[in-house]
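Next up is one chain by itself, shown in structure tokens, the form predicted alone.
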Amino acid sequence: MWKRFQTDVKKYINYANYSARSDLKAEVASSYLNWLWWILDPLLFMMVYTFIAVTIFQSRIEYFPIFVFIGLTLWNFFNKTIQGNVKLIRNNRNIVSKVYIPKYILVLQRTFVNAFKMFISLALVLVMMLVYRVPVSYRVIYLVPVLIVLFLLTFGISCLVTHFGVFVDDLYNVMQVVLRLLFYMSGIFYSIEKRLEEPLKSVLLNVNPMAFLIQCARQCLLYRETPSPVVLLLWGLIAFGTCVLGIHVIYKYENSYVKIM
């Protein structure tokens, strides 16, 4: 499988890149604000959550707007990629039924689109850090392995939901509920460490990958702390294993997708 995967990636990676760029252009083609929406979307949500948490719930978290924005940036990539891939095969039935292309290449294309938007938001995080005069240390380099783990985990889960989305019509509705629950359990607009008590705090940070990865990003960007390398490595291995499983499942069953649709 590994040799086949390498061959297919080399053969179709240009298609994934070109298709991702085309989707990004088409997404803003009819918008007056064009690509500015990629910045305004997370910014507006950040303002809403900041207003609710600071004004209503009296949150006193340091650098709270950036705190929320980091959480939203990572979450939006994870959430939009997975949701967008549940019906991926059905939405691309014209391509799937006429031309052979490894179905995970379509997943990779959607992942590239949302990764591009995530990097725009991360650039905005850096600008906000300058505005708020957040002290920066060498620990910002830990953001790189955090993003790698996030990318692998998102891609692996997306491959699995892409496969099962062909056979289970209601999976999209189920995933909406699951992802909404995961959103509130990931500490997007509150601090899990300060808000929750043991053992719930440890369970969320160690069992919920998004809660852990968001906390890691905040640690290395805002608080000059080193994320737990052991837990990060463990989630990296799990993410890699999920990718292998997802690609294997797609290779095994992709020929039957056309018959089901």
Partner chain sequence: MQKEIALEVKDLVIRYRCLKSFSLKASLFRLAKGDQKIFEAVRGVSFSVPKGEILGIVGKNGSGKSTMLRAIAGIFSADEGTIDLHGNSVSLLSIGVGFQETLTGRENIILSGMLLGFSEQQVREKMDEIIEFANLGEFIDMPVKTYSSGMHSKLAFSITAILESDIILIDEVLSVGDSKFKKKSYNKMKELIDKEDRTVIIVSHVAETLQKLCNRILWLHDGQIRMIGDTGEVLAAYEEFMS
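Positions refer to the first chain, counted from 1. Everything numeric in this text was worked out from a predicted model, so none of it was measured.
From this point on, the text means the form predicted together with its partner chain, which you will not see here.
Proximity to its partner chain in the predicted bound form, taken as a non-hydrogen atom within 4.5 angstroms, holds for one residue of Tyr132, Tyr184, Phe119, Phe167, which is Phe167.
Three-residue candidate spot Lys11, Asp23 and Tyr100; every residue lies within 4.5 angstroms of its partner chain in the predicted bound form by at least one non-hydrogen atom. Put simply, Lys3 is far from its partner chain in the predicted bound form: not one heavy atom of it is within 4.5 Å. With a 4.5 Å cutoff on heavy atoms, Thr7 does not count as touching its partner chain in the predicted bound form; it lies far away. At a distance threshold of 4.5 angstroms between non-hydrogen atoms, Arg139 is out of contact with its partner chain in the predicted bound form.
Not displayed here, its partner chain is approached by Ile95 to within 4.5 Å at the level of heavy atoms in the predicted bound form. Shown alone, this chain has one stretch from 184-192, 170-178, 149-157, 123-131 that lies within 4.5 Å of its partner chain in the predicted bound form by heavy atoms: 170-178.
Within 4.5 angstroms of its partner chain in the predicted bound form, the stretch 70-90 places a non-hydrogen atom from Arg90 alone.
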